[in-house]
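Heads up, what comes next is one protein chain in two forms, each shown on its own as structure tokens, labelled structure 1 and structure 2.
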Structure 1
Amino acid sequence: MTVKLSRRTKAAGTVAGVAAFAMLATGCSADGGSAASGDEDITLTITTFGTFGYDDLYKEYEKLNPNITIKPTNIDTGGNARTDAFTKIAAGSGLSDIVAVEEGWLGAIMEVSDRFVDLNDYGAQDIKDRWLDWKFDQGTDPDGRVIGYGTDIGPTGLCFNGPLFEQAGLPTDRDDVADLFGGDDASWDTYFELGAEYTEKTGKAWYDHSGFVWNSMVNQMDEGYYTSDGDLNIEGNSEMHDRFNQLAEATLNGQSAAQTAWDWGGGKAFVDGSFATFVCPGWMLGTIKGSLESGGGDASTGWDFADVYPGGPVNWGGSFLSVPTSSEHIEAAAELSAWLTDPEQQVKQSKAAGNFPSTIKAEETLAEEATPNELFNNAPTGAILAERAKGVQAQFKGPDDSVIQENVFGPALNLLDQQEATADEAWQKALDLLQELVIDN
């Protein structure tokens, strides 16, 4: 569902006198001088999606702040969370005190940024040095209002299944695997060539489905579905079309397992050898963990994580915590948002969810600790992601970026996965849906 609202739509629930509550977020720690440490009993609601790893942090915050009760809601996917958020924005009510916003639909949130609190009024400038510059800037609207504190970023490595690689005569040591794909010179050409070799030898698929591979390929472009000026950048884009054709050829030659994203047959496809490689932004490690457990797998299933990625560095995803102006507890919600995104908490979040933090100190901590991740053959996933984060450039995301990814290219790529269209027919399908869902909508 796409809800279009004009920029700067006046928020019906704007809380008057916000400035009267203004305070420094540096006072947001739970040791006093804040709404959280006051006498008033407050219930804060927060909506996240996917795997955020916040459950223990909620309990820790409540223990530090006995007057605070946190009521969390977790939505299964970012796409469904987008629909939930924009349905409530359109209705003018129903948003939680804190709303997690995914990078893919941040551009749409920026269209209605005045419905979210300017965290500058709560000390954002005093803590901005926590974050990578580009991450902090992403959460800032064109008027300089900070409407989201970054939770994580999406540097991406390559997950591979060691036993399946061994069956195909490919190396299994993660350093050797990184070399196999080309190390710093890893390319999609090499990735699909190895996929063709693997598919020929085993008769099995190379990747789970086309959509996630496509997302990575688009995110690596200097400009994706939109130019940096905010114009649509698909029709007539020869570079994007070439990449689509490259993926289409591999998929039509059997490299895709045609799995349903976010389900993977109840997680069984991660266990039964349906595919041998998987695109892995940091936050996806937690998703794989949940899927493996759902599918009856564990560390013995053989998934590993290599410090390499076709086409080089890429950022896929990453989220923000925003406070709607409709919140009845803006000050307390801003404090909790600042606390949850503090480097110390981001390290804990990363260990719980497997994602990669957006604050500099937390990233350095994970790199230094290099803690083995048992589920991924003891790979030091945090340290690898720190390496994968080098050279990452944030790509501009337009208002319908996530709609284009899921509802325009999703169905077109599914036609390829199901062997129901040629590359040209699938590309045209995407253009038709772009016209219908974005241009004419």
Structure 2
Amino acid sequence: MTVKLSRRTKAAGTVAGVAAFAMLATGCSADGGSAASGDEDITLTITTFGTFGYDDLYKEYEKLNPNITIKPTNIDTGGNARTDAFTKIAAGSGLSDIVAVEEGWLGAIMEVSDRFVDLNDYGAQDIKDRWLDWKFDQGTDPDGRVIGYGTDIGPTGLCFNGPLFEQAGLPTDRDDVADLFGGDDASWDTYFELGAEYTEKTGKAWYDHSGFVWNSMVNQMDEGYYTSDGDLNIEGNSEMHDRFNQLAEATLNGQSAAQTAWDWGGGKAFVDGSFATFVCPGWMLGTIKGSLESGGGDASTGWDFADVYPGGPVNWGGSFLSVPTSSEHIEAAAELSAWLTDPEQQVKQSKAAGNFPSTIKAEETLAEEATPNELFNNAPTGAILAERAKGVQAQFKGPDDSVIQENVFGPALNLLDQQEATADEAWQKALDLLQELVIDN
């Protein structure tokens, strides 16, 4: 789940329902309802955003724990959820018993980590092995307090449009496409070279807008906008500057469709062939589904998902469940968070929401099942994402990471998309905005 998942998928809910039934049928008992929460009637509130796919899991948990009632709130986008959470932290009250926190603003939350319960007191160490190491570490603050259980992660593959590839004389089989981009050695050089070729042949753009490409280029670096010590890492960062120039050149050569992110002309840009490739972290598959539906497209539009990514493995996004200290039922809330992030539940969540789980066992299950995703030309998206998750490294996210991503580089890259600046001017614009919005703030 990421900062901006704006559409909820209804159909997915039924899938989860079936999964929930299957679980009941196998007589599986979860580890909820222990003595800790007692028999006292408790109402637990939980705030999520975008598509979390939890609705059926709530019902299941209530059935397992008759004394617990769950009152969920779902906020449309991660950005709004961030505003909601920040406002309530600032006000000192109003947070629900469980709050979903997104990776992008986890850095800011870490600055006030004492406002959240240390889950070590509620058995975090016992279940630590569920998660990928780096995911568990991300939810741990510098003092070693665990303030969040990971829900999903954002391993990224490459979405491409088969019919458009065909028109340009490129291969359309997803394995051939993976080879075309270089397989394990896929690099941004190859990506932009193919883009230049495609643009020349068809006169159309290669990617939707430069912002997403930039996000994944930065997420791929060992250290992003901040060094692991928490210092700003942009000015004088030649590696980052080189990547920026590379992207700028391609964009100025017409490889970007200059689309508005999260809108894409009401999804129409996914249908009318405006661009042929797309950055696809796990949760983005759900976003594309929503966009295709509102843009009038379907499986026949020809989107597909390849097991390859330029520049190697990369993670973008992912969320955590945290329990604020203001909660009146800390113990019960911690229990529910642990239950919701249990591999078994994560598999169901993944089926309902289309995102990718953060626990090892859940990933293995998805990889084994390799369920074909109808909308993506029957690609086994879960299995591909499990493959893409290999070698992913966690990058340190600083307190202003989302500001830098959206308000510093956003406008600078937009100038390039609109062909209104040279690469140097755009980079300078980013540095100026950084000075104004982050350093002088």
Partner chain sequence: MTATLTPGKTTPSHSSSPRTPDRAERRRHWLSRLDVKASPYAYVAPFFIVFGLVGLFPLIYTFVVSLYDWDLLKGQGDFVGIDNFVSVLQDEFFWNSLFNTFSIFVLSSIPQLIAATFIAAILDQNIRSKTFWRMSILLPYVVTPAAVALIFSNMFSEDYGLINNMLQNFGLDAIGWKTDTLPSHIAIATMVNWRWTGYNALILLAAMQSVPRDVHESAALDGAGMLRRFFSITLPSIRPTMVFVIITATIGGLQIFVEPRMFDAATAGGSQRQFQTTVLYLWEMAFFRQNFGEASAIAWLLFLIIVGIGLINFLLSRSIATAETKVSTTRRQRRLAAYRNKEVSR
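Just so we're on the same page, residue numbers count up from 1 along structure 1's sequence. What you see is a predicted model, and the numbers here were worked out from it, not measured in a lab. Heads up, when I say rigid core I mean the largest set of C-alphas that superpose within 1.5 Å between the two forms.
Structure 1 is taken from the form predicted alone, while structure 2 is not. Domain assignment between the two structures: L433 and A394 are placed in one and the same rigid part, by better superposition fit of each C-alpha.
The two rigid parts differ in orientation between the two structures, with the smaller turned by 11° against the larger. On core superposition, E62 has its C-alpha offset by 4.3 angstrom between the two structures. With the core fitted, the CA of G53 sits 2.3 Å away from its counterpart between the two structures.
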